[in-house]
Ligand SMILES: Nc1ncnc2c1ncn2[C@@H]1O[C@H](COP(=O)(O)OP(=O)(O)OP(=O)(O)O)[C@@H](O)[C@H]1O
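What follows is one chain in structure tokens, specifically the form predicted on its own.
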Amino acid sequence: MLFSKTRTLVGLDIGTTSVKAVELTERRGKLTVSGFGQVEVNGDTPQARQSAVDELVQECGLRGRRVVTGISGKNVIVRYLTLPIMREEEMRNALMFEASKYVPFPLEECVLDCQRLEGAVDRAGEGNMTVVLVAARRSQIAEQMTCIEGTSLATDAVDLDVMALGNAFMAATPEGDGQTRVAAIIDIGASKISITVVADGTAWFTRELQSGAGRDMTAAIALRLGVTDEEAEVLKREPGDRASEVTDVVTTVVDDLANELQLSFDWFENQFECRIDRVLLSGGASRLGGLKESLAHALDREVEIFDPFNGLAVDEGVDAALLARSAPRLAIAAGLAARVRKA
């Protein structure tokens, strides 16, 4: 071909304490990191998050204006269902009709979507199929959109944080290089933990935890070491000569996290009759000293820090060293931007 289409998409991860963006450009079927950035949020309000988004767009010089953002939390429901094999239109009609059985709030307040899943780990049985049903309250989507309104960005789609983790994993894993292994991506953010289990290029299990996240670790450090929350946050990220103290303080939080992860792994492995043999950590709290080793011991599995940019090209104008240091925090944003391959 004389000409090939170039597409650019921005993944925008709007968190409780920071807003993160990753811009990916697809050229000739290959993904390139063409921009990224992160800005702290000054307050837990939609207005504060909107200000952070606007500041981020101005500071990191994003070329693209098409954006995909993600949502999470109690107003988002994900259900994996076994249904008789049927056509796409029949599947959607059936699920929209039956959705009230699986969604705990009024359907008229929700946006619904569904997709058939396929892969070697599927245990739906002959004549059946596995379908993922997603429901999100319109009010949460509207609040997320408010954070983007007034900026120069135009929203292409709203995805789920847990699904974005799966997309990030697939984008960073070359075909045939470990995709057949069952991997769990664990994103430890400030206020939540997102869990996604991927096999054969498909997310077969997702879960969110509201405890054991970064704020819980910060609170434990502040209480036990007698410092302010701000000082505790600094110690969590850069403990320096107090590393052993910080590790001891967060041991209980990490143990509780390991127990919750093991429960999730046990359910998945019993349901799908295959073992999760690889655990990848991302999120701001993933680099806590000793966390990787503690989880590896507790879970009896290989645990690594997730690099969502592994194997991706980086534009010359992008600070590659800073990108590498920031990589674990940018996993969800990278996964949202990875939808550029479907654009």
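Source: prediction; values computed, not measured. The numbering used is simple: start at 1 and walk along the sequence shown.
What follows is about the form predicted in complex with the ligand, which we do not show.
> Is Gly166 one of the residues lying within 4.5 Å of the ligand in the model of the complex, judged by heavy atom distances?
So Gly166 does not count as contacting the ligand.
> Residue-level contact is defined here as any heavy atom of the residue lying within 4.5 Å of the ligand in the model of the complex; does Leu288 satisfy this criterion?
The answer is yes: Leu288 has a heavy atom within 4.5 Å of the ligand.
> Considering only heavy atoms, tell me if Ala190 and the ligand come within 4.5 Å of each other in the model of the complex.
Although the ligand is absent here, Ala190 would touch it in the model of the complex, with heavy atoms inside 4.5 Å.
> Using a 4.5 angstroms cut-off on non-hydrogen atoms, would Arg237 count as touching the ligand in the model of the complex?
It does: once the ligand is placed as it appears in the model of the complex, Arg237 has a heavy atom within 4.5 Å of it.
> Within 4.5 Å of the ligand in the model of the complex, heavy atoms considered, which of Arg181, Arg207, Arg215, Arg137?
Checking each option against the ligand in the model of the complex, the one that comes within 4.5 Å is Arg215.
> For the chain seen here without its partner, which of 302-310, 58-66, 280-288, 25-33 has a heavy atom within 4.5 Å of the ligand in the model of the complex?
That would be stretch 280-288.
> Enumerate the residues of 16-36 that have a non-hydrogen atom within 4.5 Å of the ligand in the model of the complex, in sequence order, or give none.
Sequence-ordered list: Thr16, Thr17, Ser18, Lys20.
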